[in-house]
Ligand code: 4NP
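In structure tokens, one chain follows: the form predicted on its own.
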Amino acid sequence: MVCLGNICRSPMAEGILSKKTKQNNLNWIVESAGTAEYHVGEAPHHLSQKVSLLHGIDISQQKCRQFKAADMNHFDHIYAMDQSNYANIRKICDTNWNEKKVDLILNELFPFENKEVPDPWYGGEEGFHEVFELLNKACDKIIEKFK
């Protein structure tokens, strides 16, 4: 799960999918990262934590990290939250790029529409609730697809 700073969208996506994999007895490794290094080592945004916890998901122990080219080899699927971060992943990976592994997460809900998860950073708490709901539905589709 990849967004820009790894403090809002991608940590929520990691928490949601991790919970769903446990509920479905799946032995998946789920992680998140940011394409920028702004918040490396920090915990997720307090509103990401609050909204996730309201849904029974504790993401407070996550630590932000930067996406690296080696992630392309380490993970089977990489989900970007928006077009900009999709492009950033491609740039970071350079010759290690594998288009078959990377997609926008909302293409799971809206195939081939390339819709973006809005960045709640600039708004209030309601934006974090909206993002959580979108990611929750997308993660349900991921479970259905790969279970």
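Residues carry their position along the shown sequence, with the first being 1. Nothing here was measured: the structure is a model prediction, and the numbers come from that model.
The protein also exists as the form predicted together with this ligand; that form is not presented, and the subsequent description refers to it.
*Asks:* With this ligand left out here, work out from 88-96, 103-111, 35-43, 22-30 which stretch has heavy atoms within 4.5 Å of it in the predicted complex.
*Replies:* It is 35-43 that comes within 4.5 Å of the partner.
*Asks:* With the partner absent here, would A13, F132 and A138 each sit within 4.5 Å of this ligand in the predicted complex, counting heavy atoms only?
*Replies:* Looking in the predicted complex, the three residues A13, F132 and A138 all stay beyond 4.5 Å of this ligand (heavy atoms).
*Asks:* Can you work out whether D119 and this ligand are in contact in the predicted complex, taking contact to mean some heavy atom pair no more than 4.5 Å apart?
*Replies:* Within the cut-off, so yes.
*Asks:* Is C3 near this ligand? Define near as a heavy atom within 4.5 Å, in the predicted complex.
*Replies:* Yes, C3 is a contact residue.
*Asks:* Give, in sequence order, every residue of 64-91 that has a heavy atom within 4.5 Å of this ligand in the predicted complex, or say none if there are no such residues.
*Replies:* Sequence-ordered list is empty.
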